[in-house]
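Encoded as structure tokens, the following chain is the form predicted alone, with no partner shown.
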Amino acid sequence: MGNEDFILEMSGIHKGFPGVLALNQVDFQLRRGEIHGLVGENGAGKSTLMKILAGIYSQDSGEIRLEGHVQGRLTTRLVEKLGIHFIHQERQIVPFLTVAESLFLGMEPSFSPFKFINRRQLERQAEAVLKDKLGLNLQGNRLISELTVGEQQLVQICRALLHQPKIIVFDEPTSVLARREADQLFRIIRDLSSKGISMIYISHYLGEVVELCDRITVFRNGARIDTLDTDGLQVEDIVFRMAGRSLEEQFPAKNSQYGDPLLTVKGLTHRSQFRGVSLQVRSGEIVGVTGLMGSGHSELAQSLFDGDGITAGSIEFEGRVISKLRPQKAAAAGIGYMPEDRRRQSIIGTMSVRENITLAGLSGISSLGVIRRKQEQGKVSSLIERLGIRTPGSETAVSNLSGGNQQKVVFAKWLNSGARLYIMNQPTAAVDVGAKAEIYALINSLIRQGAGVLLVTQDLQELAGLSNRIMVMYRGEVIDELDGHNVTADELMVSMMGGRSE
């Protein structure tokens, strides 16, 4: 028998794939009613361990005990019967069904020998269940596609609760949530913990992991490095265990040799999001732009590439005014844009790594509309090697890569196009600390080769660690400009909230 304090024990779990040791004798224990964080860089082994728990993979060796009982071969159907449920980053609910239909899918209340569904009864039950279990007021006849991402996730959680779960696994649950929705989710998770439900919480947002979880298990290179109580734990402690280096060591030395202006913006005004914005980015310089949600910084980044919503002001690139800015015109001039939502706006998941890399620079590898394949493959292979893109091959669908490697593909796309100015909107969102360090090194190599970077992010350590200058926006206006060489995260926060730097 296992330890009665643990609802789940995974002991000596070993898993290998051809040429890769994914898990090396891993031990993991989950206490009853505990919120247990699982952290590690992409490829560290945490996802593989959870896929074994989900019945998607089977371990090569090792033992799994649930409530003290040894489990044989797990399957996805058996895992659900055992009371283990997964809340995934990609919400697994059908967008064209109603809230009620999604909640009771496969277990609909019915009447008459012909099993007709009483739709109004279904909707009333859905509303009552959502209110009872999550305190959520949501109409049962609303379409899933009409809900916010946070509401969709709560429907998925409520569906799991209908099965009296013993364990719930949350996989990157806040990666696309607004702060208000994330706070609501945290309240629900704590409430479920108080009711004795055990939870495994996987996230790259280490601050929220420390805030929410009781204990944290750290993975690196397929091994469990440590399991720690969160009381008194600092994010820096976790980063060091995950990456084998300190937080400060992630940031390269800043360049201080600047060239001529690349981008000059004067009095730029959007129809609703920002007004009177003026800034300049020089060759070899990283200029940060930040602000609280709704301050206009994210919309500024996009408008500087696609021109959408601009009603006044001017944009100059390398001394030439760009009128009627559009993405094609910006890209042709030498401007690359890395949007906040790379999966929807920056990569085409069904296309290969090769196709994504060459998409913005086809004119350089084609003649009379025909792509020169040998030249294309040579460029792609060179960029994959230069940027350290971890992929089985250039023909692999880009959706199969980790978040960090997808972002490297976006870098490669704009490098291939010959971009000289990079507008980066949240470039390390949902990327682990190891991939972040690699991306920071890529940014540093770009500016040392004479490119300029407009870094738009709310990551204060990232801003302070990379930027030469930082523009702070508040309610649509630039209210502060800070020297990035000696600014602190605390000073940035004060400025973002409407205070002024001394």
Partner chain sequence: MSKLIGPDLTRYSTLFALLAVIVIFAIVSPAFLSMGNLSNILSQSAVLAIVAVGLTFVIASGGIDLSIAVSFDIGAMTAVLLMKSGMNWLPAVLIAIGAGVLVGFFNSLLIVKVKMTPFLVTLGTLFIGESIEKIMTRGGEPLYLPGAGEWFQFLGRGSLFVVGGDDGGRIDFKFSILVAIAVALAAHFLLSRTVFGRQLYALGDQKEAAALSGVPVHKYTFYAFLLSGGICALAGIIGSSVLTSFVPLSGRYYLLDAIGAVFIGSSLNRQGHANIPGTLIGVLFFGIVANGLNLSGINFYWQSVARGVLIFLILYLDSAAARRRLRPAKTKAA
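Numbering follows the first chain given and starts at 1. This one's a predicted model, so the numbers in the text were calculated from it and none came from an experiment.
One more form of this protein, predicted in complex with the partner chain, exists but is not displayed; see below.
The candidate spot formed by Phe17, Gln345 and Met351 lies fully in contact with the partner chain in the predicted complex, as each residue has a heavy atom within 4.5 Å of it. Contact annotation: of the candidates Glu151, Glu80, Asp306, Glu208, the single residue with a non-hydrogen atom within 4.5 angstroms of the partner chain in the predicted complex is Asp306. This chain appears without its partner; in the predicted complex, the one residue of Arg119, Lys131, Arg373, Arg190 with a heavy atom within 4.5 Å of the partner chain is Arg373. Within 4.5 Å of some heavy atom of the partner chain in the predicted complex lies at least one heavy atom of Glu395.
Although the partner is absent here, Lys413 is a contact residue: one of its heavy atoms lies within 4.5 angstroms of the partner chain in the predicted complex. Residue contact check for Ser399: one or more of its heavy atoms lie within 4.5 Å of the partner chain in the predicted complex. The closest heavy atom approach of Tyr474 to the partner chain in the predicted complex falls outside 4.5 Å. Of the candidate stretches 182-190, 143-151, 121-129, 363-371, only 363-371 has residues whose heavy atoms lie within 4.5 Å of the partner chain in the predicted complex.
In the predicted complex, the Cα atoms of Ser58 and Ser399 sit 3 Å or more nearer to each other than they do here. Relative to this form, the distance between the C-alpha atoms of Ser58 and Gly403 is reduced by at least 3 angstroms in the predicted complex.
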